[in-house]
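Below, in structure tokens: the form predicted on its own, a single chain.
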Amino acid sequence: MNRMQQSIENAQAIATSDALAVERTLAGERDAFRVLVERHSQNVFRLAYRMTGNRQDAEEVVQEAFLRAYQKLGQFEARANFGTWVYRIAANYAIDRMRQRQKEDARREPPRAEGVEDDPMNRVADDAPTPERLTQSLELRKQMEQALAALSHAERTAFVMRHWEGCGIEEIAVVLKSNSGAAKNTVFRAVQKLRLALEPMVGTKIQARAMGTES
């Protein structure tokens, strides 16, 4: 059995097991839902962390996603994939959480005095980083996080789901509440912006590796 065939069979086995756990939960076995949480919480956390950029928000997204999944389990279609379904719930809530955090940060930010420029010493990015520094994975990751933070919520979501989580365009379109063409354009736009942001600092190959788009 080759690796691809084994992976497909494993995915089918998980989907069948998930469907059984959903059925048991709906029948009144509340403990059956724990199987779903234990099986998918790590993947949902990874998605949430990459979207929100911090552990606290990611943990909140995971908790809320599974709570909403439990509350709406009656709406779950038996033919659907539970992992994909809870992914969509998590991604949608992560977008809402990022928007809420943005508003909270804006309210906390003190008003800037007119005519006062930002202190260059407060800038996170170095104006002229050395090549040696750029080769450090920690520095590269920091630059990547900054580039991701500069994307719109939709662009960040599309990029993370497509290139880091391997989701299909149709799944991304559902989360973004758009059509496939628009979702594809959003992914493309996000990749172009990230490439442009990282281009002055790293070579093409390292840039692709950092973005997770290396072929």
Partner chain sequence: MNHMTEEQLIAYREGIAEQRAAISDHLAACEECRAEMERIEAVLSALDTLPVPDPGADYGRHVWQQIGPRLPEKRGRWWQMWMAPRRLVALAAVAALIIAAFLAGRMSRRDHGVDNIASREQVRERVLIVAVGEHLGHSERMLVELSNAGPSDPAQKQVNISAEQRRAEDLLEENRMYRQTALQEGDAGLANVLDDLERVLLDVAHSPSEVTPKQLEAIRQKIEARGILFEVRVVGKELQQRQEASQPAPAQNDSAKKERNKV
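Just so it is clear, the model here is predicted, and its values are computed rather than measured. Positions refer to the first chain, counted from 1.
What comes next is about the form predicted together with its partner chain, which does not appear here.
*Asks:* Would you please decide whether residue 73 lies within 4.5 angstroms of its partner chain in the model of the complex, comparing each non-hydrogen atom pair?
*Replies:* Yes - in the model of the complex, heavy atoms of residue 73 and its partner chain come within 4.5 Å of each other.
*Asks:* When the contact criterion is heavy atoms within 4.5 Å, does residue 108 count as touching its partner chain in the model of the complex?
*Replies:* No, residue 108 stays farther than 4.5 Å from its partner chain in the model of the complex.
*Asks:* Is the gap between residue 144 and its partner chain in the model of the complex 4.5 Å or less for some heavy atom pair?
*Replies:* Residue-level check for residue 144: yes, a contact with its partner chain.
*Asks:* Since only the chain is shown here, I'm wondering whether residue 153 would be in contact with its partner chain in the model of the complex (any heavy atom pair within 4.5 Å).
*Replies:* Residue 153: no contact with its partner chain in the model of the complex.
*Asks:* Under the 4.5 Å heavy atom criterion, name the residues of 174 to 200 that approach its partner chain in the model of the complex, in sequence order.
*Replies:* Contacting residues: 184, 185, 187, 188, 191, 192, 194, 195, 198, 199.
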